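Let's start with one chain on its own, the form predicted alone, as structure tokens.
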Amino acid sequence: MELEGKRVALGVTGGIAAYKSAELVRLLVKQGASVRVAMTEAATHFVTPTTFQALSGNRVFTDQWDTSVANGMAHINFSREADVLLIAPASADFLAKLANGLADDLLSTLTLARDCPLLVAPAMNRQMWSKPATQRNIATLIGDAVGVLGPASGDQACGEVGEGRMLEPAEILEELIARFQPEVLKGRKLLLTAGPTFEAIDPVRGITNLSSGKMGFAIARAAREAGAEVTLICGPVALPTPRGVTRIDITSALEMHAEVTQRAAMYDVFVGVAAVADYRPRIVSEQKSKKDGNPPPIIELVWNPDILAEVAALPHPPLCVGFAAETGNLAEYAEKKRRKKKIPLIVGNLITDGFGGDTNTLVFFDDNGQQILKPAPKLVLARQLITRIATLLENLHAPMTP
């Protein structure tokens, strides 16, 4: 569980989005977090404290003058016992209070008296969000090192459409998990490829590789969690883009090559995870080919460019990491590929160990030999890879010993 042992203090303010916070509590508890909830009086008009108590398993606080608290200081105890304080939803009114240091109820008081990081998930009508006063308040909060999650754009309870929706509970959960990851790539820029490519034979047929894109997307998320600015160039896959990641969709190897080529020199790290087709038809038919009793057509193939090798051969290349998925002789083939492409690290795996699934078994190959990782979910493995990449970057820029 991603949040095992973490203590989350959740503040709920008045707004229709408060119903989403009930699902958020459920997801937090499912990931192992201990959740304690404090509500404004307005919030209780949308969801009852009983709901949050049932979902969290803990008493819910609503009153600044609660006499049941032994020292009479619920506003002090609440945040001092938490690893993070999250306000979701955060109404326009409450954001204004935070920005100006007001403390006239339990939630605003404990927020001001906190001794832990503060995150807010804004939720309001699009007109309220766009007003200069709200934007000034958000700018002030960001300047005060408050994490602002969202808002999203879309349909609103008032019937209007626009920016101001609270992020979905699963999105907030992902953001919260990311906050607990070490930012070992903070300030770095990482470019990676993921998924398959599709090489057209005619308008409906083509040559491709089996690839779900799951490993590449996990690495993109892990890199973003680690503080990197991440650009993901991916082939045809049906996966949601990790939050905070810039996604560029392509179809063919030549399209991927063009996107990578124009960007690679501007990045600190390039990770080639994509299963790029090695070859493509020399000629693509403009019409769908028919059987018509004729023999099958002969398709002449030509090699696609080697994207990873070209990036590694740049005059000032980024740190390059490759992937090798094999059906056998993994150590031999992966190391041969690493040396041929002249890259410091290649990640190998056998297709039988997790190709297309949610878990995998990976092996790191570098100048020091090989390191076999224990079978694990792909996100866990991705975080281990990001840690290795961070170490390689440190060593790359470390001063020479006299």
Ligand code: PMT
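Since we're looking at a predicted model, the values are computed, not measured. Sequential numbering from 1, following the sequence displayed.
FYI, the form predicted in complex with the ligand isn't displayed, but the following is about it.
Look at 367-375, 56-64, 32-40, 336-344: in the predicted complex, residues with non-hydrogen atoms within 4.5 angstroms of the ligand sit in 336-344.
Of the heavy atoms in residue 95, none are within 4.5 Å of the ligand in the predicted complex. Put simply, residue 272 is close to the ligand in the predicted complex: some heavy atom of it is within 4.5 Å. In the predicted complex, the ligand sits within 4.5 Å of a heavy atom of residue 212. Using a 4.5 angstroms threshold between heavy atoms, residue 46 stays clear of the ligand in the predicted complex. Against the ligand in the predicted complex, the set 140, 174 and 226 makes no contact: no member has a heavy atom within 4.5 Å.
Between the ligand and the residues 234, 88, 124, 308, the one pair within 4.5 Å by heavy atoms in the predicted complex involves 308. This chain lacks the partner; the member of 318, 151, 169, 322 within 4.5 angstroms of the ligand in the predicted complex by a non-hydrogen atom is 322.
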